[in-house]
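Presented below, as structure tokens, is a lone chain in the form predicted on its own.
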């Protein structure tokens, strides 16, 4: 919900329902990165209310458009972070599978060597000497 001025659309407050510090701080950060923004902040009216008030003041551009642009930039940033994360997880899984296979191969070789040593000991007649 927008709470703006009828005479100056470069200043407005917005209420984001069912949101908290997580989204509000990210939106505030993105707004403050925009050179068109002179003031960006947020408040939570009461801890038991699930809403956030975001205040935006710009150099002249409509606050609604600047907020929309900030949200779109935030979505792009989140997509990038997600893609980097997914790539890192995939690389980890490949490396983990490689290391696990290597470990199993080493364990099997050790077991085979141990079996050979047991067979060698069994073939020796230690009691008859």
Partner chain sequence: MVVTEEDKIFAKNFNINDLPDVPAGLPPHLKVKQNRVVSKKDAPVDTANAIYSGSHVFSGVDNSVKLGNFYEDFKVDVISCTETDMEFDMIGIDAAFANAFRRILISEVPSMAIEKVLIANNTSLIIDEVLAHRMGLIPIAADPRLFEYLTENDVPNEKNTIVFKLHVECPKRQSRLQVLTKDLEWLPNGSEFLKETGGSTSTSTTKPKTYTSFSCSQDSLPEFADNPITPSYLDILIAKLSPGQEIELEAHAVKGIGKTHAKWSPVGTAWYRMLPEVVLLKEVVDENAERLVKVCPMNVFDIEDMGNGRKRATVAQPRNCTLCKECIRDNDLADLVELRSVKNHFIFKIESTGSLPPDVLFTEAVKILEDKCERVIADLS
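Residue numbers count along the first chain shown, from 1. From a predicted model like this one, the values you see are computed outputs, not experimental measurements.
The discussion below concerns the form predicted in complex with its partner chain, not included here.
For residue 51, no non-hydrogen atom is located within 4.5 Å of its partner chain in the model of the complex, even though that partner is not displayed. In the model of the complex, its partner chain lies farther than 4.5 Å from every heavy atom of residue 43.
Of the heavy atoms in residue 115, none are within 4.5 Å of its partner chain in the model of the complex.
Contact annotation for residue 21: at least one heavy atom lies within 4.5 Å of its partner chain in the model of the complex. Within 4.5 Å of its partner chain in the model of the complex, a heavy atom is found for not a single one of 94, 103 and 119. Of all the residues from 38-75, those having a non-hydrogen atom no more than 4.5 Å from its partner chain in the model of the complex are 50, 64, 67, 68, 71, 72, 73, 74, 75.
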